[in-house]
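To begin, one chain is listed below as structure tokens, in the form predicted on its own.
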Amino acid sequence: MKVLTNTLTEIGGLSVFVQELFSVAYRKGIKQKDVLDQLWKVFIQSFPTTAMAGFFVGGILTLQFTLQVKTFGALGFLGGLATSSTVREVGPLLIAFMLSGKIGAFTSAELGTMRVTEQIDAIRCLGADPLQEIILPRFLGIIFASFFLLVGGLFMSIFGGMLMGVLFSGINPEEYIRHIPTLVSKVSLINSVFKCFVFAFVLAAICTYKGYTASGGSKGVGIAVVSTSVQTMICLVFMDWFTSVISDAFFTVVGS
């Protein structure tokens, strides 16, 4: 019962926090320069990690599918199968996990430190709104940067899969790429982009909320960071299922 109560409390607090951010953005506006600075900062810090994760995700899936398609003599479809699996489900989720540890933990620790050292209160005492000055630029910057990082990671996964196909599966790049358009449809690409945006939003909301509400000194910052990592991963898995259900229902209705 206590777990359920704490969960509902966290969901309620997060919902109110996001609503306040949207309200501040609507009433006071968005400082575009600060958002762009945060976007660039997050992108530069996280691109190597994302690129490496995407590369190995594509490579691993290619090696796994090689064992299956060779049995049926369908090695020509290796690129399409590996890319389809990466784009639809595996790639966005695993790359989002990597970003949650890279971006989420860092942002939560940064904001939590500012909270417990009373820097956020000092900004409020100077007559400025910390939500507008500090939180909103990070929130939007993380969303846009995470989205671009996830999309870039997916492209790296295709490259990694193609390289592994050439080195270990014995097929040339043209043969690997040939059947990708056949098995990766526009619906798959739209679904993947939708998942990337949702995952980026979840990551940005949780890490900024946990950092902004941290308390209890350095111990509280540590608790906020751990809580950010755990809650982000749980929410990402849930949203992966939820977006899959929504996407399938939507495209079924549109198709009919």
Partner chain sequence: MIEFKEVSLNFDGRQILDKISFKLEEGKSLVLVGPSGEGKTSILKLISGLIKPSSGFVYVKGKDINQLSKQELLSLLKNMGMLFQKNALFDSMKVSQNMKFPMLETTDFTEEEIEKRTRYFLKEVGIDHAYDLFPAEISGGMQKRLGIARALALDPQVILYDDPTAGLDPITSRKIIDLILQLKKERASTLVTVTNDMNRAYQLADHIALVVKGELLWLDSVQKARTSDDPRVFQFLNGKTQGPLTEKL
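Just so we're clear, the structure is a prediction, and the values are computed from it rather than from any experiment. Positions refer to the first chain, counted from 1.
The same protein also has a form predicted together with the partner chain, omitted here; what follows describes it.
- Residues of just one listed stretch (129-137, 98-106, 181-189, 154-162) have heavy atoms within 4.5 Å of the partner chain in the predicted complex: 129-137.
- Contact check for residue 28: a non-hydrogen atom falls within 4.5 Å of the partner chain in the predicted complex.
- At a distance threshold of 4.5 angstroms between non-hydrogen atoms, residue 167 is out of contact with the partner chain in the predicted complex.
- Using a 4.5 angstroms limit between non-hydrogen atoms, residue 94 is distant from the partner chain in the predicted complex.
- At the 4.5 Å threshold, heavy atoms of residue 118 reach the partner chain in the predicted complex.
- Among the residues 177, 90, 123, 171, the one placing a heavy atom within 4.5 Å of the partner chain in the predicted complex is 123.
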